[in-house]
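Next up: just one chain, as structure tokens, the form predicted on its own.
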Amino acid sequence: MRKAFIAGNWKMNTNLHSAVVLAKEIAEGCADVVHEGGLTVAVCPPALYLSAVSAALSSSPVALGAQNMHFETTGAFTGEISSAMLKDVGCTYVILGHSERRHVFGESGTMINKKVHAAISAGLLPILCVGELAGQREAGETEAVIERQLHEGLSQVGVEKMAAVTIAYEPCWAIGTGETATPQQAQEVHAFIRKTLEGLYDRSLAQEARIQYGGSANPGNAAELLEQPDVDGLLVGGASLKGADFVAIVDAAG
């Protein structure tokens, strides 16, 4: 049985003080439900505050994740952060291929695939994001876009490595807009992702894979989204910046 996974992506928000306060609030609020419910919870703060948040989460069941990484281990890559650096400050997870990385910063499927391989090789657990733009959904291209992104992002990722990967479906038109895919829309795409994984690998792996929904998830819609049979968790944006809201979402998953 798949274990629910709730992750908070803080994006380029918080400062040192507020990041630590938020991390402690989440750690305290999630302690009982994570232990009792058997679900996974992680927060992904800005890279600059990873060490401080790691310390704040000490002795907590809440895991630490990063929002991005470079695929090379060391070298002349000014401004980049390697997988080894993330491991060094206590990261377990790393978000890769987020729509903002794809569409704002121009990351290609090939680059994202390199990052997936580098993360797994370093012992990190990647959260691979896929999702369509509003125009692509309107044109009926959602499945074609998702299938291409999965093929690109998981290229040469064998069955044994795939166990480390979480897939996150984040419809770009529902990120930071306040608009959310309906539970039915989310379920349809999640089921398609699982079907695509079955074609890439096998039915057993597809059934075991965790697929999160990301796109304006909040305490008001979390329970209904999580009730869908192929929605295994949430990648939470804005609502993860308020401790009480994020804890309420975790409670809904528990």
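One rule holds for the numbers: they count along the sequence shown, beginning at 1. These numbers were taken from a predicted model, which means no experiment stands behind them.
Keep in mind that the form predicted together with a small molecule is not shown, yet the notes after this line are about it.
Colleague: Please state whether every one of the three residues P126, A209 and D232 places a non-hydrogen atom within 4.5 angstroms of the small molecule in the predicted bound form.
Modeller: Looking in the predicted bound form, the three residues P126, A209 and D232 all stay beyond 4.5 Å of the small molecule (heavy atoms).
Colleague: Taking the shortest heavy atom distance, is S216 within 4.5 Å of the small molecule in the predicted bound form?
Modeller: Contact with the small molecule, yes.
Colleague: Quick one: does K11 come within 4.5 Å of the small molecule in the predicted bound form, counting heavy atoms only?
Modeller: K11: contacts the small molecule in the predicted bound form.
Colleague: Is it the case that I175, even though its partner is missing from this view, gets within 4.5 Å of the small molecule in the predicted bound form, heavy atoms only?
Modeller: I175: contacts the small molecule in the predicted bound form.
Colleague: Does V236 make contact with the small molecule in the predicted bound form, using a 4.5 Å heavy atom cut-off?
Modeller: Yes, V236 sits close enough to the small molecule in the predicted bound form that at least one of its heavy atoms falls within 4.5 Å.
Colleague: Quick check for you: of 152-160, 93-101, 118-126, 79-87, which stretch puts a non-hydrogen atom within 4.5 Å of the small molecule in the predicted bound form?
Modeller: Of the options, only 93-101 has residues within 4.5 Å of the partner.
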